[in-house]
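The data below hold one chain only, encoded as structure tokens and taken in the form predicted on its own.
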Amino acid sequence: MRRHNFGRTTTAATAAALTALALAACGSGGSGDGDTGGDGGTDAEGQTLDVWIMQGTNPSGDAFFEEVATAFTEQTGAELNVEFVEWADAHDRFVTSIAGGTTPDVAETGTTWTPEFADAGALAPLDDYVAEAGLDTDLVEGLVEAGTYDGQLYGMPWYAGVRALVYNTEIFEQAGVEPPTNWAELEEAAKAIKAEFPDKIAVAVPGDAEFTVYPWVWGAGGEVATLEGDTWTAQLDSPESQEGLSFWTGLAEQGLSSEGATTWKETDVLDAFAQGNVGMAIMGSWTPGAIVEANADMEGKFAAVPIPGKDGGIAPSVLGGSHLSMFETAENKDLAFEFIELMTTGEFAQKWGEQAGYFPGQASLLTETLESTDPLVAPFAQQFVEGGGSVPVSPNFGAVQAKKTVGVMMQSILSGSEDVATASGKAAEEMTSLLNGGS
């Protein structure tokens, strides 16, 4: 973890990479503890706001938060103390801090964590703040749901992304194939690429990349899990879901992926794609800038299309991103929300999206992006608008991720130790138990 106590130093934020997608959630309820100072905001001279931000989302994070801190101090008089936390360590750190009452004032919370922390009573509702700021009609409607728990909203929309099918245009051109619009075309394109480039990975099928799995479940008409009353039932072993899993893992069984990809995470896919070794892969709207950063020679050599459904159309893809949440331990909640509003609306929300490759969660900022004709923006925008999906909105979904239920299933199939029916049956049983509070 890196800690930065930002004072009044002014630095310019670096220039933009690509714009991409938005996920959001806004909160409800809550009253502030500070003195509100009209147009000048909260008068908090001498106070410090403690904030946790996840490490690495924005390559220019240090410079960005120095600029934010300057604006925040000028507006409120308070200092900004930002700690950058690794994603891999963050969940356990949150759980420990919630148990010990040592949470920060504000933190970036992954959208799958917000219901969990709200259920634990750790988050302050934000509805009153959002309404008073006049933002309740300017948030992306479909994305607000991701932060809703038990009828209240606990996370302010900050940023989000979506995954689509990214492909190497040079490889596609030399193999004589077009971007696929259904599963049959995808399989044929992968076979043609493999025939033309035997040493390359035609399509990357990673074993430890949960969110690259769900589009194939949904694309076949399956579901991850369903809720009836208060009971969740995982659906990974339904006939439709198994059909999608069989197609996706079947590409690897045909030798169109790589045995090494059995243990790959999404970052491994990105690394291989950036080196020009992959024909196509499911990748996030935030990755184009990272690809070029890793290998400048790739600029202009790749594009994206929405993930195709089985028989055409768009297979849904998880809208994943982050909220900014206020913790109940915040002593000055007015000050906390003033920071949240500064970050999630207007200039700084737009800059963050441009630098990090995400869409902002403020609807009025999203309009321009959705009208883009950029081949590395428009397809992700189409995926977002026409093919966005959500994981189960449950306070226990984090336990499913912590247990790596889907990753274990995928690796069992890809390694050949279990068939789709057996592996998906075990995964569904475990997911059902975890979603309903089991272990």
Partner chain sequence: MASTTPVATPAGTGHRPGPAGRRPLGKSLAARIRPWALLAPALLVLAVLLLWPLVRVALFSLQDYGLREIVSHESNWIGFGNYAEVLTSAQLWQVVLPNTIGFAVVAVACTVVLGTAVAVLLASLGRVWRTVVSSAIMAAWAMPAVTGTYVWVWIFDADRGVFNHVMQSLGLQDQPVNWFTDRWSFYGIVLLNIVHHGFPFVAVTVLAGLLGVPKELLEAAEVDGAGGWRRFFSIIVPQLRQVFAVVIILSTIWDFKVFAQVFLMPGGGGTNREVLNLGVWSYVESFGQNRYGFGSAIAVLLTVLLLIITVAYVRTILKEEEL
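Since the model is a prediction, treat every value here as computed from it, not as a measurement. Positions refer to the first chain, counted from 1.
This protein has a second form, the form predicted together with its partner chain, left out of what is shown; the following refers to that one.
- The shortest heavy atom separation between residue 116 and its partner chain in the model of the complex is within 4.5 Å.
- Its partner chain in the model of the complex is approached by residue 411, whose closest heavy atom lies within 4.5 angstroms of it.
- By the criterion of a heavy atom within 4.5 Å, residue 208 is counted among the residues contacting its partner chain in the model of the complex.
- The closest heavy atom approach of residue 422 to its partner chain in the model of the complex falls outside 4.5 Å.
- Here the chain stands alone, but in the model of the complex its contact with its partner chain, taken as any heavy atom within 4.5 Å, falls in 90-98 among 278-286, 90-98, 357-365, 315-323.
- The three marked residues, 263, 405 and 430, each reach its partner chain in the model of the complex, with a heavy atom inside 4.5 Å.
- Contact with its partner chain in the model of the complex, judged by any heavy atom within 4.5 Å, is made by just one of 148, 258, 73, 242: 258.
- Note on contacts: among 377, 391, 54, 399, the single residue with a heavy atom within 4.5 Å of its partner chain in the model of the complex is 399.
- Note: residue 217-residue 150 Cα separation is 3 Å or more longer in the model of the complex than here.
- A shift of at least 3 angstroms pushes the Cα atoms of residue 150 and residue 232 further from each other in the model of the complex than in the displayed structure.
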